[in-house]
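Okay, here we've got a single chain as structure tokens, the form predicted on its own, with questions on binding and movement later.
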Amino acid sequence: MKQIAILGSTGSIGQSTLSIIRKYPERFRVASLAAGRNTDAAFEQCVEWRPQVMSVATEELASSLASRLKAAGVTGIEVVHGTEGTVKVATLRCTDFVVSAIVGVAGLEATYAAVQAGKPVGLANKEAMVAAGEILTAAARAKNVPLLPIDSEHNAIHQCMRAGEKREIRRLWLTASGGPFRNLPLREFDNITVAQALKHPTWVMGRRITIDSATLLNKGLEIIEACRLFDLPPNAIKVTVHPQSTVHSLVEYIDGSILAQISVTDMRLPILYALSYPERVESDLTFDIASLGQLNFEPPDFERFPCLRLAYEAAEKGGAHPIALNAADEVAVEAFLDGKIPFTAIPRTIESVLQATPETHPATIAEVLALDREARQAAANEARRFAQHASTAR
């Protein structure tokens, strides 16, 4: 029986993880949860799962949730808050496995604390590896704990790499759907609306990751994550546009063999793989091979998707540059979603921030977070400049 901690329990990955635990009660049990600001969902999760610890964002929310639980007669749950609360959720003594699914760098400290406590971690949060992958992987090696990817692409690579030794790998192939604008003429990119950008052709995801998929920045973050997770240089990580999103990733070996992982587009499968590793557990998440039809692969258009080029450049430089890439993107995407800047200002904002980023390599999580704050401020300034320009142009 594995005791599971979930960082980001009310998000899509968190809820999918709980659905897996619900389906396999003989294998998994909830130990602790971190729910952020959604106290209604946190309350329901406390009633159903009775975790030892539940963390929410603020002291006020924690007090409110504790009162609701007491009024409902739900006892035995310690309600905590903030970063310290999330760290407690991730490092509870009884926990056997931690699912890191808090969006952005908000869950970074708790993820690092889990590794330092010797807990195996399932990473659904690519930002943690992008911003602090060098630190996290070093800590994981020192503590001899696995970092298991839940991201569908990296999870696919992890599965395919079990067929050979690392020294036998020539390159990794990350597949990208190409998003909703794969065939849109470039001249129309300035007029892309938020509603259009949020219509992903394959996956149902959160707002930021959906926009990142439309710019292919999401794939850029995955390049950096793959470098850190699998200890390979950026030139060994390739991207291919695969509109069907059926092949989740491929591993090319030095003898010319290419192994692909194919499955349903359902995040419960990589979650189950990570929770069960090194076992494989029978599931009903089957794929009808007859429905494949045809599989298309094509090279990405770097002119159409400049964020991909910026990600490769950041991966090559390492250190502060991946931190700045992620932070600037998060700020720029938020400005786009708020209607303040056009779609094409997202890569321009990121590029401006990267050009001003120093070539330094943080040694601690505190240094990572400081660089993240600096990059966010720089991105906010750039986004305001683009917003003012757009307003003047109108």
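In case it trips you up, residue 1 is the first one in the sequence shown, and so on. Remember, it's a predicted structure, so these values are computed and weren't measured experimentally.
There is another form of this protein, the form predicted in complex with a further copy of the same chain, and it is not shown here; the text below is about that form.
Student: Heavy atom within 4.5 Å of a further copy of the same chain in the predicted complex: which of Leu285, Leu186, Ala142, Ala72?
Tutor: It is Leu285.
Student: Just to confirm, with a 4.5 Å cut-off on non-hydrogen atoms, which of Asn235, Asn191, Ser257, Gln196 contacts a further copy of the same chain in the predicted complex?
Tutor: Only one listed residue qualifies here, and that residue is Ser257.
Student: When the contact criterion is heavy atoms within 4.5 Å, does Gln159 count as touching a further copy of the same chain in the predicted complex?
Tutor: Flag for Gln159 set to yes.
Student: Verify the contact flag for Glu303: yes if a non-hydrogen atom of it lies within 4.5 Å of a non-hydrogen atom of a further copy of the same chain in the predicted complex, no if not.
Tutor: No.
Student: Does any part of Phe181 reach within 4.5 Å of a further copy of the same chain in the predicted complex? Heavy atoms only, please.
Tutor: Looking in the predicted complex, residue contacts with a further copy of the same chain do not include Phe181, since no heavy atom lies within 4.5 Å.
Student: Is there a heavy atom of Gly164 no more than 4.5 Å from a heavy atom of a further copy of the same chain in the predicted complex?
Tutor: Contact check for Gly164: yes, within 4.5 Å of a further copy of the same chain in the predicted complex.
Student: Looking at 100-108, 215-223, 274-282, 79-87, which stretch has residues with any non-hydrogen atom within 4.5 Å of a further copy of the same chain in the predicted complex?
Tutor: Every other range fails; the passing one is 274-282.
Student: Assess the spot marked by Glu168, Ser263 and Asn296: is a further copy of the same chain within 4.5 Å of a heavy atom from every one of these residues in the predicted complex?
Tutor: Checking in the predicted complex: Glu168, Ser263 and Asn296 are all within 4.5 Å of a further copy of the same chain.
Student: Taking heavy atoms and a 4.5 Å limit, what residues of 215-252 are near a further copy of the same chain in the predicted complex?
Tutor: Thr240, Leu250, Glu252 sit within 4.5 Å of the partner.
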